[in-house]
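For reference, the chain that follows is the form predicted on its own, supplied as structure tokens.
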Amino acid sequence: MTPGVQLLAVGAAAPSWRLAATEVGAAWGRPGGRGQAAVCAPDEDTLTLAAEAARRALLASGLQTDIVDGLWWGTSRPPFAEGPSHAVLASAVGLSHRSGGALFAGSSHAGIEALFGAADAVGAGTVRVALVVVSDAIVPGLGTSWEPRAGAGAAALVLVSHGGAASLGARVTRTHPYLDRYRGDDETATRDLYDPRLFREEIFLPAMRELGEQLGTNDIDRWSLPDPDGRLGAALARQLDAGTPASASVYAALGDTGAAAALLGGVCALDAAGTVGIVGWGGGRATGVTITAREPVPGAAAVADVLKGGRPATYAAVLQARRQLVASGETVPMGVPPQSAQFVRGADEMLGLLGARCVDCGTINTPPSIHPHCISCGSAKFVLEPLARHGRVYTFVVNQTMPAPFVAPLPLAVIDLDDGARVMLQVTEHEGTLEIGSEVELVVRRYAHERGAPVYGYKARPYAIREDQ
């Protein structure tokens, strides 16, 4: 147990596509089974999901980003295999350059590890406010039995030393050096279990039963249990006499979300008072923790709406988005390499969505790096500040022809933000709903994968697409 660690608020996010199991089965000429999995569109990944979940958790907490002392992020596959994954997410969320934290990766157990890292920092008094984000966007092996279940999603939790609606409680861990899902250094797809029956009978169920029974001595009201294949979660729940676990709704809507699965199932159950038992697994480890809510945790009630979203996607489109199906031919590289000095100078204003407000006349100039003088009065006195994330379309154009890797039709919109700034951005998830005067929100998206590095920035998303969230 970590003393003095409180949960202030939570948030969740899911990608915009849903892949039906029947779509996968039809492609391989076999019964597709039931259900669906959440899948990232081409401009989404584990980082964009993490940023959205973090934004919702912070909004539910009522805190400003500058009060957050650190970011603890857990994901089985960070966007940079080796690179500034943590720094890019921290900047996209709007955290201070002085914020701390850590990145946990390498298995689906990374989400639980991120939670404990943040909780220990809060309990030790080294930070006052910690932001925990868990996210994943699994890429399964082609034709594997796991492929129809491999999903994506994110959850975020704001931890504080006092004043929260819930408290972190007991922890239980078990380890077994068994090679479960894994991928090699030169592999992009995660492998399925080599011997599912061995894993089920001799590894997963015995270890989880032992862990769950020990954790269950804390009078747990609701559970979040792992469900690697769509059946093991229910089998474990029966052995623990846990009823229908709260995580079942997450698996039904999103599939197996990897490192995010344990906490996504947990935050679903925090919309009412009671004790929730959360169990995560992966990388030869299984860990459980209890969270006791004295009252509904802010942000938890909105998680169910997040799960309802998503648009049907074809199997071919999903393979293209995952870059498992790549068109032949040349692509047009960006004029400015991501590692160049010019790109580095503009990275903060792109990820932090910054504008330069003129001290003399108040006009907000965007982007700041290309406006040495105010476009209204010519002054050179500026104050950098974050831009509003909401606005209305002033005008737009839809490009019907685009060079690879961009995909047409591609809308570009000029947007008048609520704070008076005017920006021009790509539009995502438009589905033909874009109109002059329509409301949009700005969200973090992946613009390209350039010279081996993902490139992120903001896009505009019409409100009509996510009006249920």
Partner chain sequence: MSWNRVAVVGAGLIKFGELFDQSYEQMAAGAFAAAVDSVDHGFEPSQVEAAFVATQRGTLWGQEGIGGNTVPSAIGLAGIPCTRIENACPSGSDAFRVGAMAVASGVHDVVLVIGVEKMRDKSAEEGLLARAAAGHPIFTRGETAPVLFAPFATRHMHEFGTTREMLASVAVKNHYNGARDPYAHFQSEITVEDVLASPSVCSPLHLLDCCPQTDGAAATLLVRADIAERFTDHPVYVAGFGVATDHPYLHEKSSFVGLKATQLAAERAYAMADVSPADIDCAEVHDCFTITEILDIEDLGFVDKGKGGVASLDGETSLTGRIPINTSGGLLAKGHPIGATGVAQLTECWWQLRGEAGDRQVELRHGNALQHNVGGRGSGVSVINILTTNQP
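Residue numbers count along the first chain shown, from 1. What you see is a predicted model, and the numbers here were worked out from it, not measured in a lab.
Just so it is clear, the following notes concern the form predicted in complex with its partner chain, a form of the same protein that is not shown.
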Legend entry - Listed residue that, although its partner chain is not shown, lies within 4.5 Å of it in the model of the complex (heavy atoms), from F204, F382, Y315, F396: F396
Inset, instruction - Name the residue from T244, T217, Q342, T175 that puts a heavy atom within 4.5 Å of its partner chain in the model of the complex. - result: Q342
Legend entry - Close approach of T275 to its partner chain in the model of the complex, 4.5 Å, heavy atom: no
Inset, instruction - With heavy atoms only and a cut-off of 4.5 Å, decide whether W28 touches its partner chain in the model of the complex. - result: no
Inset, instruction - Decide whether Y456 counts as a contact residue for its partner chain in the model of the complex under a heavy atom distance cut-off of 4.5 Å. - result: yes
Inset, instruction - Would you please decide whether M350 lies within 4.5 angstroms of its partner chain in the model of the complex, comparing each non-hydrogen atom pair? - result: yes
Legend entry - Candidate spot E330, P403 and Q426, all three touching its partner chain in the model of the complex (heavy atom, 4.5 Å): yes
Inset, instruction - Pick the stretch from 387-395, 70-78, 317-325, 196-204 whose residues have a heavy atom within 4.5 Å of its partner chain in the model of the complex. - result: 387-395
Inset, instruction - Go through 174-196 residue by residue and record those having a heavy atom within 4.5 Å of its partner chain in the model of the complex; state none if no residue qualifies. - result: none
